[in-house]
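Presented as structure tokens, the chain that follows is alone, the form predicted alone.
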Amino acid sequence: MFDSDAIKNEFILFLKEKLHFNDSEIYIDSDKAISNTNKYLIKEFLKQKKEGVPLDYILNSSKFYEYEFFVDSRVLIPRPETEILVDYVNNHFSSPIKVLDAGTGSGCIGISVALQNPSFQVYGSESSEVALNVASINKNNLNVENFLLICADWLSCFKTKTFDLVLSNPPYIADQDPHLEDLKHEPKKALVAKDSGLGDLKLIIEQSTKVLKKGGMLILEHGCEQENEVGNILKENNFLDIKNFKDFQNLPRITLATLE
């Protein structure tokens, strides 16, 4: 069953954001002439909503932190929970540091950190060329100068002891997880990881031991049931001061640790 109120609200937002209708044209002017182009776009909106396409993809726009990012089906839609990573960086780092957003996708994490901290040197690594294209669009749209994109498999291309801080929101969903049905329009590569969803988290942690400076910090987003597994992997790789933060639903979602 469709939530008719939710679709109505999304349709109103679509009319405002995509077709540039004002409130008067939506609520009062019932005789407003609609161009053939707009009629086509409205039909496409209704078709996409019937197929369950998220509004962010229809609008090609998603809000994250204080910024508006271009998104399409090549990248994940940014989630509010992920803003916790940016919040932590803003609240705990002040001096110029070198930061890596591993698996940057749309670039929302790395770009937000770079814009909030102009003295930081921020890199975004991504193995998907189509996702890199989206991140490049956002880098240019938001005119961020201290954010550099790198085509790489996580941290594999970087020299030892390069970064003070590594951030990542990697794939962490198991292949057969039933939640994937609700995410069918988003890129599976950015959602699913081997080893019950832990495969990419393990790889990032292992690679971080090489590219982080001594005392450098790793901050990871993960599944709400993976807190203990992630903590154990961090301990096995010589990370100390392991802490977990809960998301807006009070679920354990973010883990940070310092390299010994």
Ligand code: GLN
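Since we're looking at a predicted model, the values are computed, not measured. We number the residues from 1 along the sequence you see.
This protein has a second form, the form predicted in complex with the ligand, left out of what is shown; the following refers to that one.
- Residue stretch of 155-163, 88-96, 170-178, 137-145 approaching the ligand in the predicted complex, non-hydrogen atom distance within 4.5 Å: Heavy atoms within 4.5 Å of the ligand in the predicted complex occur in 170-178.
- Item | the ligand contact at Ala114 in the predicted complex, heavy atom, 4.5 Å | No.
- Taking heavy atoms only, is Ala190 within 4.5 angstroms of the ligand in the predicted complex? Looking in the predicted complex, residue contacts with the ligand include Ala190, since a heavy atom lies within 4.5 Å.
- Message: Although the partner isn't part of this model, could you tell me whether Ile109 comes within 4.5 Å of the ligand in the predicted complex, counting any heavy atom of the residue?
- Response: So Ile109 counts as contacting the ligand.
- Message: I'd like to check something about Leu76: if you look in the predicted complex, is any of its heavy atoms closer than or equal to 4.5 Å to a heavy atom of the ligand?
- Response: Yes, contact at 4.5 Å.
- Within 4.5 Å of the ligand in the predicted complex, which residues of 67-105 have a heavy atom? Give them in sequence order, or say none. Leu76, Pro78, Thr82, Asp101, Gly103, Thr104, Gly105, in sequence order.
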